[in-house]
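One chain comes next, on its own, written out as structure tokens in the form predicted on its own.
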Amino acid sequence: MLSRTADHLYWMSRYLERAANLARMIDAHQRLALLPRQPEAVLQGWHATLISLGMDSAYEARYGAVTPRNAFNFLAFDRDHPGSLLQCLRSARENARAVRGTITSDMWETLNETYLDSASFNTSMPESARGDFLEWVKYRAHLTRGITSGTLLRDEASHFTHIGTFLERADNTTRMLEARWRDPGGRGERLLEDASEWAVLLRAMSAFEVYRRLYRDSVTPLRVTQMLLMRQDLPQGVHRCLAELQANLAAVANEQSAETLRRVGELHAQFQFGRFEELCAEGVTTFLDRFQGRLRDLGGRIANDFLVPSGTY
């Protein structure tokens, strides 16, 4: 497969996954807004989310002080920021358009329709319709993944699509956790013992029923974090994402990817054989930051081994 084709497939799937997970992250805030909370806690939560996404500086340059409405508009509708939800849908569609001869017609039509329909959503939509918008994004992502699974040939195109999907999903799962743990003021971990807030996170990630099946007990921050990090049988779990990433990278291995395979295998082994308490011994946010750095390293190595070098086109 041409590296340019692999590059478009990889980024098509990454942007689609990023849009879906961004919708889940915003949805958690929408659900939390229905709970009785102090205004300071609401603003702290939005600020922590912006920091975990690495968008706090861009937001402050555009809006200044954090407000729930401005934060929602920035993350969901800002067409000038490449990380916004609508821009992620646009980028997924543009990458799909470049490889229309490789993906199936059903995949292209679904991604194209999603992009065209997204033009009707903007900052003027009423507050009451915003939850429906987030559900629409998640539904379109589910639909696209299902069509991809049901129609795409199981060859290199499928492998690079899965590499992008699972690398992005692992990164976004840790960012959603980090947003709940992090203290935006830089004073360490913001441990929230309120079970309702962590239950909201589980519901936003479609994992609440799974948690109840596994634990049959109260929702606690450590149990939620352990489940989302360590369960290999959980589709959203980081452990599962690393297993899929390793398998798909091995399927497309070339002469220069040995070190990349070794590093992803080493990272996967930490979750396969390590203990949650030992991994997070220095603090959950410290571990999550370190893990995200290793994912960035893997992303750079994947680009160097298989994809088009940055700035080539």
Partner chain sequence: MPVPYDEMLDPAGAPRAHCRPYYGWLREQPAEQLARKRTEADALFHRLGITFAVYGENEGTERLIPFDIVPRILPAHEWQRLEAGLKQRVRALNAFLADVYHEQRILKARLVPPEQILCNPQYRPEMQGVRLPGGIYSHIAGVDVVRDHDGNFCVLEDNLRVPSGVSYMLENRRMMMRLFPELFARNAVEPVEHYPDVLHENLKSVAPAGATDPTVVLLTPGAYNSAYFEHAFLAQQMGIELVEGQDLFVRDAALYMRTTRGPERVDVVYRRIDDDFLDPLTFRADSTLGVPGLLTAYRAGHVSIANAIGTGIADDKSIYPYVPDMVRFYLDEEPLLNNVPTWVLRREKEREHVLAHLPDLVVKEVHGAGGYGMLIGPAASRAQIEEFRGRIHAHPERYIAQPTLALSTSPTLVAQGLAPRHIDLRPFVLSGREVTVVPGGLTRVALTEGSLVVNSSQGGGTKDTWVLGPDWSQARDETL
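Since we're looking at a predicted model, the values are computed, not measured. Positions refer to the first chain, counted from 1.
Although not depicted, the form predicted in complex with the partner chain is the subject of the following passage.
For the residues D78, E178, E156, D171, the 4.5 Å heavy atom test against the partner chain in the predicted complex is passed only by E156. Distance criterion of 4.5 Å from any heavy atom to the partner chain in the predicted complex singles out N112 from the list N112, S206, S149, T123.
In the predicted complex, the partner chain lies farther than 4.5 Å from every heavy atom of H239. The partner chain is not shown here, and in the predicted complex it never comes within 4.5 Å of any heavy atom of R212. The partner chain is not drawn, but in the predicted complex it has no heavy atom within 4.5 Å of R223. In the predicted complex, the partner chain lies farther than 4.5 Å from every heavy atom of A33. Contact check for M1, T5 and G101: all three have a heavy atom within 4.5 Å of the partner chain in the predicted complex. Partner proximity in the predicted complex, defined as non-hydrogen atoms within 4.5 angstroms of the partner chain, places exactly one of 162-170, 103-111, 214-222, 128-136 at the interface: 103-111. The partner is not shown here, but in the predicted complex the stretch 245-268 reaches within 4.5 angstroms of the partner chain through a heavy atom at A251, V252, A253, N254.
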